[in-house]
Structure formats: structure tokens, C-alpha cells
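Next up: just one chain, as C-alpha cells, the form predicted alone.
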């Protein structure tokens, strides 16, 4: 399939309670590459194998959570078209000028019915991955630092009107549904996984009692063995682990969930399957959520269902 329209998740701005403490965590333990700071005091990071300037932005705040989640689109023309399509669908948008974020072009910002702010943008400075663009090596020193994820991969967001958020992503932005958890009636969706690519998901939503909540931001690690290495590093650095290491039934990803220094949950994962828009949606009845979440133990973890930031 041709990769057009919305290309991939591009950035997440995360609120932290002690900026310098979490900067050290994301840089030294996580292994993200610090890219700079702006006049607002925000700190910018990217994963070692990402080529765009930033994918994770930390902001000092009184409460943890997520400010917005952004997606890169294939061109300025697509950005303009998607803004017009959003407006025609009844979604109010605003333009954020180029340069408001370091190395990032103009953004189209809007709110989905779960209370989350989503952004689209077409331009972000290519700074490379340190390997060069001619005869590149397969890895570098940064790929061995900390957890060393190769990319910021997706987010799971919690809010009330899952249906409204899902419909905007499918009907306007061109995403497709890959998996779902459904209630006892066999119809009401409790959670949905949505893709704009051939990944199992690029964003997911779960019904939650409060709007605008972050469940987790997820980071891709190349192999199951490196996920296990991340587990060792979490223990060595007193990182609170929520679940794992284990495998999901949903998406088949090998995973660990843990918390940053401010209580924002993150995921380090690998595996999963290749997905395409013509594939049948995979459905998990609510009674099978335990193995969907933790296939090894077939266990529901209360914190996973109740803790958001």
C-alpha cells in the first residue's frame, strides 16, 4: 500500500512534575536523544533511529499527563486538505504557526470528543540518526544507551466519547480499525486500535470516566531480548513497573508497562503483526480481556484499568 495522507505518529508533548528529574530519566535511563530547549522551557527529544528533530517534548506542569499528540502528513497540500475535511465534518481547527515548536512547521490543531488535542503537521527538520545517508552503519553508540527505543510509536488515550473520536480518525483522517474490545452486548466498543499504516495501531482509545486522559505513550524496541534488557534497566534504576514483561493477546506485542518519574505510564514493546486495511477486524469480548492484556498470565491488572494521568 502506498504511504500517503497521514504518515505516522510524530510527537507527543508530555507534562511532568519535575522537569530536570524527568529530563535525566528520558535521556539517561530511557536513552532518548536530547535535542534542545525552547523559550518556553520545553525540552525536546527523539529516539536514536528517528530522523526528524523531535518526537517527545517535556513540559513542566502542576499535573502529569499529555498536552497533545501529533501526526505527520505527507505534504502541505495534504495538511490543507485535511483541515478543510475536518471543518466540513464539523470539527473546529486552529493553526499553530511554524516555529512555535523547535524545528517544526505549521500545525493544524483540533480536539476530538474524548477531550484530547490532536495535531497534524507536514514539516519537521530532518536531523538524521547519526548514521549518515551514504553507506550507513546499522547502529551507533546511542542505540546502546538506556532502553534505546528506535521510535516513539503510538499512544493510548482515555475519554468518554470513544465513538466520536474513532469516527473522526476513520471518516476524516483515513485510519482503519484493527482490533476492538466489546462489552457484554457484543456491540459497544470499550477500546479500539486504529492504524494509518501497516502497524497494528498508531493510536488507540479506551473509554474512561474522565476526558483528556493519558493511558500511555509507547516506544518501539527492536527485539524481545531488548525488551527484556529494558526490564533489567528498569529494576536497576528503580523504575516502577506496572505490567510485564509479557505478551499481549491484543496486537501480539511483547511488552512492559512502567511509569516515568512523574507517574506518566509508558510502554516499551516489540513484535506484533503486519496489518493492512483489507484485513478483518479482530474482536475481543470483554470476558477475554485478561488474555488480551496479559496472555501469559491471562490476568486483569487493576492498575492498568484504573490509573491514568
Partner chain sequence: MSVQAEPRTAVTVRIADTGESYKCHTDESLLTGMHRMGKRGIPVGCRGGGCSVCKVWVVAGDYAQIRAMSREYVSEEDLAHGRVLACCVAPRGEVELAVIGKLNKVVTR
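Quantities reported herein were computed from a predicted structural model and do not represent experimental measurements. Numbering follows the first chain given and starts at 1.
There is also a form predicted together with its partner chain; it is not shown, and the following applies to it.
- Contact with its partner chain in the model of the complex holds for none of 108, 154 and 251, as no heavy atom of theirs lies within 4.5 Å.
- The candidate stretches are 240-248, 39-47, 275-283, 23-31, and the one lying within 4.5 Å of its partner chain in the model of the complex by heavy atoms is 240-248.
- Proximity to its partner chain in the model of the complex, defined as a heavy atom within 4.5 Å, holds among 226, 166, 72, 213 only for 213.
- Comment: its partner chain is not present in this chain, but in the model of the complex one of 208, 172, 122, 194 has a heavy atom within 4.5 Å of it, namely 208.
- Proximity of residue 53 to its partner chain in the model of the complex falls outside the 4.5 Å heavy atom cutoff.
- Using a 4.5 Å cutoff between non-hydrogen atoms, residue 68 does not count as a contact of its partner chain in the model of the complex.
- When its partner chain is considered in the model of the complex, residue 263 lines it closely, a heavy atom lying within 4.5 Å.
- In the model of the complex, none of the heavy atoms of residue 256 sits within 4.5 Å of a heavy atom of its partner chain.
- For the partner-free chain shown, 286, 287, 300, 302, 305, 306, 307, 308, 309 of 284-309 come within 4.5 angstroms of its partner chain in the model of the complex, judged by any non-hydrogen atom.
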